[in-house]
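Take a look at this single chain, the form predicted alone, given in structure tokens.
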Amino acid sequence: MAPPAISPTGGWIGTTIFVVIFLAALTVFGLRVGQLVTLLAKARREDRTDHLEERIGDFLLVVLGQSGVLRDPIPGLAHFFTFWGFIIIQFGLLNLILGAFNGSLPLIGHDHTFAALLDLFVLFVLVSLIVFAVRRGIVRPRQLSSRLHGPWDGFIILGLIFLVLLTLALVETFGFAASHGEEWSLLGSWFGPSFYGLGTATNVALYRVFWWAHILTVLSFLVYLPGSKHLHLMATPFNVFFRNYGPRGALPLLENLEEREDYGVSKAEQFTWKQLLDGYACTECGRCNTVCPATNTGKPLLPKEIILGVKESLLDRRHEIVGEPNLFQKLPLADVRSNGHEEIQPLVGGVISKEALWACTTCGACMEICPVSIEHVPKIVDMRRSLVMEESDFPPEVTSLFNNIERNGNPWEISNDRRAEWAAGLGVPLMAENPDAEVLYWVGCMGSFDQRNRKVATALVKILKAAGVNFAILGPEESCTGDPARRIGNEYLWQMMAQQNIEVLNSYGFNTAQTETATAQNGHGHNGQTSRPRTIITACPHCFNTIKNEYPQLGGHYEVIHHSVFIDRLIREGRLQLPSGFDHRKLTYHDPCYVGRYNGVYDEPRRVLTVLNSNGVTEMRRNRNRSFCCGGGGGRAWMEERIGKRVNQTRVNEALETEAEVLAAACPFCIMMFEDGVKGVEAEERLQVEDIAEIVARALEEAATPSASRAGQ
């Protein structure tokens, strides 16, 4: 660092020039950042100030601890050291700036320990830059590429960081040489003595040259940053802090549908400020692309391009959104996008293709792996909403789905009056016949009408009866939850179905908010029933997620449990007596997206299967929160798959890699997709698809008839 006797600027004239340049750079930086902030301010409002303690905790863990990027060890460690090196080097920079005024930072300005720490991080960052350069220039993984811009921005940033390190090292080297070691630094002590022979005057001159080079490089970096991919250095801390703490499986509610002028997003400024902040925070690491089932099977969807596309569209239309730039903003460097496109494309159907939007299964894998808390799926659904409700532009095969849900209360051309036919002869009471039932079994459309999944519904009934559960079903009073309609983009139809189901559930006193209010008032629930917790169980993750996480948006608050969790509870409470090690077949388990990633249910299904299966669960290479989608979510089960490989066959092949005989599932859509996938890869004799409830029900039959042959024997 600069010895007090040597001014790095050479006197008051140099110091004045430095102040002018420094203030000019800060002004340009402020104008560019101000433009970005103004764009956020023009967006739709959204409250992200709840859960303050959790936000602070996650900020410390994800931003300061870099926990997100460290999930990918090699680039993660490189990013960790670059991040902390960047912070520590700023203290060194501030010390150099104060040197222009013959000052230094208190405590650490001339402290050898800090000087050594600073230079160690300079070396760590240098190694990290080599790692980044090798990945970008030699390895070149596909996830780092982007169709929206070339790779040069990344190399420019790496070059600027390298120049910051190099000029800092030279400042320290010649500062050490000029002061003959009085201004100590680790790098200076290594290289400075080699330049003693140049003489003090020459070393002082070189010190000043590289001081200016370092300062100008840093200021150039500062000005360049807001318009570069490394804008995420500034945006990520805010994006992590303002992440979503609501239910992960809940899409945003479109309020006041009857009074709205728009019903989705067709322009970037129609997103909320947080959704736009996602674009600023994107590191362009491409992790989301590596896990996306659509991307991995050759579909036109790349989640990273969705985020970058929204950002690009926003910046392209910045003058339309913010207004004509003022005198200062017209300065070439003041505009965050000085080389704007001549022709501005529409966001939907232009920057982002419609085919990409319809390829999404809404599995949430992109959001799960993102190290900076970007929320991809809600953006995709918002753009789908615009296509569906504003333009009536959606895959033609979806038309019958919408019509059937609206007319029949289910996705097929089947009267809803037939919803309870599957239960004929099973002795299953309707809720109207047993209004005091402690448990409502929400069968769902697949369990009620699909022949294959009726077997699952029957198996679950056998389990409930064996455990002595007081339960009932709604029968014709139950209607589609509206999940496929909502995820395809028909929010109006979802709200209609949701309100209808909420009215039915409330009439039987299942609304927990309603029950708590009644209990507080008179100790009784709805219609005079005794107030007590009442549970809804379902074998469909989509029904489970919708009723549990989305119906509260319309006032429906319920205790909802997935059937795998309920079965696990019955076993642990001793209400189900199962033969240990009953099933000798080799078994693997698929985590449904809407039970696993969206609702965190991983252990319970495995506990049940481990009790039943002597070999335990043989995991697929992508499991738990990294599970690969079956391909049926987001309404995709009702759409044709015409591009690339089939998602369900890809997942079935992963199951076959384990050499398992049984693919255990916990979702009717997964069962439908996987059985189709098994046929597609011609593996019917090698792999069976069974729901957890079917395996448990068969075990109960085994316990009841010991002489029966065991499964797999």
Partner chain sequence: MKIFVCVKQIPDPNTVESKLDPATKRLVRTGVSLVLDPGDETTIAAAIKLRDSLGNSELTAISMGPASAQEALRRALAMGVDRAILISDSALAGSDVLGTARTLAAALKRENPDLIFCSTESTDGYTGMVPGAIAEFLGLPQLTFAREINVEGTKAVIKRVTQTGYEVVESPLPAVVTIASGSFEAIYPTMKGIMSARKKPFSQLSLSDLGLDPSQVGEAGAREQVLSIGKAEARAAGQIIKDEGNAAEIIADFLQRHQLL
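Numbering follows the first chain given and starts at 1. Here the structure is a predicted model, which means the values were calculated and not measured.
Form predicted in complex with the partner chain: not shown, discussed below.
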Please run the contact check for Met389 against the partner chain in the predicted bound form: heavy atoms, 4.5 angstroms, yes or no? yes
Although the partner chain is absent from this view, report whether Arg407 comes within 4.5 Å of it in the predicted bound form, heavy atoms only. yes
How about Phe80 - does it come within 4.5 Å of the partner chain in the predicted bound form, if we only consider non-hydrogen atoms? no
Check whether Asn403 has any heavy atom within 4.5 Å of a heavy atom of the partner chain in the predicted bound form, and answer yes or no. yes
Can you work out which of Tyr492, Tyr551, Phe210, Tyr508 has a heavy atom no more than 4.5 Å from the partner chain in the predicted bound form? Tyr492
Have a look at Ala432, Leu257, Leu117, Leu222 for me and say which one sits with a heavy atom within 4.5 Å of the partner chain in the predicted bound form. Leu257
Within 4.5 Å, heavy atoms only, one stretch in 284-292, 408-416, 193-201, 236-244 touches the partner chain in the predicted bound form. Which? 408-416
